[in-house]
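For this one, two forms of the same chain are given in structure tokens, first as structure 1 and then as structure 2.
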Structure 1
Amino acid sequence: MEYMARPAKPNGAVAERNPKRTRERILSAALQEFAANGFAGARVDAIARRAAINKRMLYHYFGDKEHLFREVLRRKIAERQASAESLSGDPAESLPFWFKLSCKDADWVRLLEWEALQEADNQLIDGNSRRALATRALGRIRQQQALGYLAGEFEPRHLLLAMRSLTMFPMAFPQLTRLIMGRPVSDPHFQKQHAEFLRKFAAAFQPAGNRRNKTNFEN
């Protein structure tokens, strides 16, 4: 059977071309879909519908579903690197800061979580730049220890892991958090309360001799 010629636009609409916008729409729709459903759960058709583009374009720009996923992750990582650098060394500020950031960007936490669950035979996406980022973070901690703002009795690696744990966990496990706190993670009251807890709890990271003031308004 011969392939039948079809008009590209059966309705009279003009097909304005805009490769940049199309790419952007796909990436943005893909971020939402992947964050919501993960790689296996995400539907290419759903991404296309969400982006209001033809599915074929997705393959045109990104090759296949997996490459699209990697690109989404890569972009999000790049986006986060900026805020990663601008960060006070004082844990009483940085812990609440990181916690609030996780609250604001649930998609990010979810993406990392999906990545964690991906059967990890494959290598880390964007590994080099992330390794570099981690190295810089460790360097800052070492610096803060030397300045006496962070307890020197602990290894920087463990301190960093503990800080990440405390600030990301609630968003990563909303059901457990709700079980414990009695409120949904999305509740602003919970977020404020827990940020305040972290500010006080940050004393644990400070040298015993140099514990800062625990009241609300220091400086």
Structure 2
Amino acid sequence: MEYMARPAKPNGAVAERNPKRTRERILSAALQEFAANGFAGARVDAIARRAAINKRMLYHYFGDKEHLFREVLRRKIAERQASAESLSGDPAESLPFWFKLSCKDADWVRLLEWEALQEADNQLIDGNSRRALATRALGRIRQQQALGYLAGEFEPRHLLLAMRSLTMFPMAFPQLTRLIMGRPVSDPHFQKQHAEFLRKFAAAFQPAGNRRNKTNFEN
């Protein structure tokens, strides 16, 4: 049961309660607040204001700030997992895709940066579940190596780390990107050029035979 109904409509009628929609509003507001201030700096009052709900309602749905943060993480990770499952495994497809997704999802990148600054050597929230997801991602890398999409000479963990770095760095460090490229990350021309660069650079991760065949085909 919600502690507070939605604000009255302009005609004086009370809006219909919708727990699912309320949860969505809270999670969306929480992502914005955590991305702007990190877990330590985020305030439940501010999240409630962003979501246009009573603070008690937030506690009713999510318990406390840590549980809310955990739900935000799980929601975002689930979205990205669904995207990962739809990819073929060809780095020429996946690298540009993940870069474009990072450009569209700046709040997620900022959230991870805040976590890196504030958690440092501390235990990650929901760490066990996230380690399990990392293990699944490594399993996909090994499968792609077995199928010939990725070179078997690369250790999977370093390969995964390199791919994450290539696709997230511009959004994580927009000031360095602008210094190097002379354009902001938000510039559509830069995004198009970098996606094309990643498509071509993907050959560096592929087996030598695939690289030669692709080069001959493109020439």
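Note that this is a predicted model, so its numbers are computed, not measured. All residue numbers here follow the sequence of structure 1, with the first residue given the number 1. The term rigid core refers to the most C-alpha atoms you can superpose between the two forms while keeping them within 1.5 Å.
Structure 1, not structure 2, represents the form predicted in complex with a further copy of the same chain. Core-superposed comparison between the two structures: CA of Ser28 displaced by 2 Å or more. Annotation: Cα of Phe190 displaced by less than 2 Å between the two structures, core superposition.
In a rigid-core overlay of the protein, Tyr61 has its C-alpha displaced by at least 2 Å between the two structures. Core-based superposition between the two structures puts the Cα shift at Arg50 at 3.7 Å.
If you overlay the core, the Cα of Gly41 moves by 5.2 Å between the two structures.
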